[in-house]
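Just one chain follows, in the form predicted alone, and it is written as structure tokens.
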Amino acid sequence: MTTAEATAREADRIIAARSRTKLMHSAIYLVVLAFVLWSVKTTIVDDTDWARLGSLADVLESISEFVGIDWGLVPNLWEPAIETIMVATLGTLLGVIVCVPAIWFGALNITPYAPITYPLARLMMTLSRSIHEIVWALFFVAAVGLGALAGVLAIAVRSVGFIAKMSAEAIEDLDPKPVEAIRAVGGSDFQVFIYAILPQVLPAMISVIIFEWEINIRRSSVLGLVGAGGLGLVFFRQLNTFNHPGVSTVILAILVLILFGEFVSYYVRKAII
């Protein structure tokens, strides 16, 4: 077999392999598309009460009821808005405090006893993230009653998973050389943490905490739906009294509050980090 023939045969083999790969990818795409179409049909088309939905004119008429602002409600939104921010802030701070042992146990390179403390911390993080904040709020409303305290506790527990996970992973990815250097000169575990670990992970931890606080403003805005105070409680009342412009007014207030949180978090992050 000449070199030209070997080259041509190799080229044919590569082309055939690429054709098989393209055919396999096309088959996968078709299966995914069929699954998506089946999901849409099952969850939307078959499960929607189209008779109750009505015509397009009926839908537009229903939407038009929410157009407008209840200006008389605006002065009554200041206190719930401040309460919403305080719930988010206090919940985040409490979550940071609760995160300390979770971060310590959940970082594999500093956990005290990996076979027990590491899976225990990871279980705590997973449990916190797996349960929605409204479910946590329902639990704490049943435990401590209606009001902002239930919202603070729900936000704190919900924040543990994200803050602890991101901080623990930052500790696991740090440069081990400063840690080894301080240990080599006889430094204690506390000194290793203060002078070798904390300076490396502090910017990332602060960024995560600020980002979580921003998210918690949105979370605390809806916790009032289950009796945890704030703008969510006002939203629930307006919805129950069929004051549709009032509902739109509260939604706009929540949007302004979220934009305020993004503005503050951006400049705080820029100033500190």
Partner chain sequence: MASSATTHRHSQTRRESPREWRRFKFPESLYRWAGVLLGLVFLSYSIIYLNIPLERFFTMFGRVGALITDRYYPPEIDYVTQPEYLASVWETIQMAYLGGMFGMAMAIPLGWFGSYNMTPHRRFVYPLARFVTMSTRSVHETIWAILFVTILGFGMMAGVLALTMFCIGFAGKLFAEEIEAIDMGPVEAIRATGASELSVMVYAVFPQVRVAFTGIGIYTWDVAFRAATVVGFFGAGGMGWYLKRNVLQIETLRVSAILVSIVVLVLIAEGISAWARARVAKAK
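Residue numbers count along the first chain shown, from 1. Between two forms, the rigid core is the largest collection of C-alphas that superpose within 1.5 Å. Keep in mind that what you see is a predicted model, and the values were worked out from it rather than measured.
The same protein also exists as the form predicted together with its partner chain; that form is not shown, yet it is the one meant from here on.
Note that among 105 to 113, 170 to 178, 193 to 201, 90 to 98, the stretch whose heavy atoms approach its partner chain to within 4.5 Å in the predicted complex is 90 to 98. Among I182, L73, M124, L138, the residue placing a heavy atom within 4.5 Å of its partner chain in the predicted complex is L138. Within 4.5 Å of some heavy atom of its partner chain in the predicted complex lies at least one heavy atom of V226. Using a 4.5 Å cutoff between non-hydrogen atoms, T241 does not count as a contact of its partner chain in the predicted complex. Its partner chain is not drawn, but in the predicted complex it has no heavy atom within 4.5 Å of A57. Mapping the unseen interface onto this chain, L120 falls outside it, with no heavy atom inside 4.5 Å of its partner chain in the predicted complex.
Applying a 4.5 Å heavy atom cutoff to its partner chain in the predicted complex picks out T126, L127, R129, S130, I131, H132, E133, I134, V135 from 117 to 136, in order along the sequence. R237: CA moves less than 2 Å between this form and the one not shown after rigid-core fitting. The rigid-core alignment places the CA of F139 less than 2 Å apart between this form and the one not shown. With the core held fixed between this form and the one not shown, I206 has its Cα displaced by under 2 Å.
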